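Shown next as structure tokens: one chain only, the form predicted on its own.
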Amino acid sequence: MVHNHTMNPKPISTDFTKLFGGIPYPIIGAPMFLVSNVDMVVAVSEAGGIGTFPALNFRPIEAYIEALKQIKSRTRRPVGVNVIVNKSNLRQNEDLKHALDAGVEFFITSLGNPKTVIDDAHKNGAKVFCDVTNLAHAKKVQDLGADGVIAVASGAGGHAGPISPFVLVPWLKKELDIPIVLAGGVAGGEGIAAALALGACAVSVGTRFIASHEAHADDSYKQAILRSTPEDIVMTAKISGTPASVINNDYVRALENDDDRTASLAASTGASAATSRPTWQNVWSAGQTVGLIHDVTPCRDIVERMAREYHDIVDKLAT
């Protein structure tokens, strides 16, 4: 389908879009390990969402500094960086400093205590949203001054939470005073409409963007996403030691059946050595939305299609 880009879909205004000076759409291109890259971040932000990437996708640190420079030279729109804030990530303070120096407006923290990121980002006027899977952690980051939370629900790719999005978002909404973004299960406009109905102010979309022209994913990975159904997504702790959602394949099945591999893999895939490619090349991280994805297309088309679908659905609901 060829879209006429002169006819951009109407904006979708929420508390989230207002936080970033009125970006058109409350769609985050989620930070994805080894997949997110400069082109994706720029494309999603330029299309009216907000592109993000994990700092650790770029090694050594010089490559990360260069990536920040490229992104900032190619878009004036807000962009985001994901910082892993657990002890094993020895680069976190440096990653934060370089992102702030480059003028990054948005941070997503994962797996630890985000206090330093929140404090330093706020000095720069940047916003920090923290990944959470339950209320206890959400309250903790709210107390630390987080600007919002990313509610990682069941169905998400990578490190998914166990709670249904239909429960997680309204539960957090009732108990928190800060905005909530839904991650998990969103690949189209219906997901945005549902998320906003549940009380979220934005969606974080990962898997849908793997099947994009810009994604740094092997063609076999993109094809696996088109081919897979929600039933092909399995949770395994055999890759990083923390349960993660991946596409089931022969390699994953072999891992699951081989107890000896677990310890050595967990040891080799800590944040410090997370680029052990041989392991990851055969492991395709993805969420249940694989069942909703049927084409590989530019990131801009994905963002605009989602916005169009959202408006169509809301109009139908209104009648």
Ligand SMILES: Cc1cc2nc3c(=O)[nH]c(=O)nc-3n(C[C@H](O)[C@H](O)[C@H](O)COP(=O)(O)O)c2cc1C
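If you're wondering where the values come from, they're calculated on a predicted model, not measured in any experiment. Numbering starts at 1 and follows the sequence shown.
Quick note: we don't show the form predicted together with this ligand, though the next part is all about it.
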- With a 4.5 Å heavy atom cut-off, would you call Ala183 a contact of this ligand in the model of the complex? yes
- Taking heavy atoms and a 4.5 Å cut-off, does Leu68 contact this ligand in the model of the complex? no
- Message: Within 4.5 Å, heavy atoms only: does Phe58 come near this ligand in the model of the complex?
- Response: no
- Do Pro243 and this ligand share at least one heavy atom pair within 4.5 Å in the model of the complex? no
- Task: Mind telling me which stretch in 30-38, 59-67, 43-51, 250-258 gets its heavy atoms within 4.5 Å of this ligand in the model of the complex?
- Result: 30-38
- Verify the flagged residues Val85, Asp95 and Thr116 against this ligand in the model of the complex: is each one within 4.5 Å by a non-hydrogen atom? no
- Message: Considering non-hydrogen atoms and a 4.5 Å limit, which listed residue (Asn89, Ser110, Ser228, Gln142) is close to this ligand in the model of the complex?
- Response: Ser110
- If you check Gly155, Gly188, Pro78, Gly199 against this ligand in the model of the complex, which one has a heavy atom within 4.5 Å? Gly155
- Counting only heavy atoms, which residues in 191-219 are within 4.5 Å of this ligand in the model of the complex? Ser204, Val205, Gly206, Thr207, Ile210
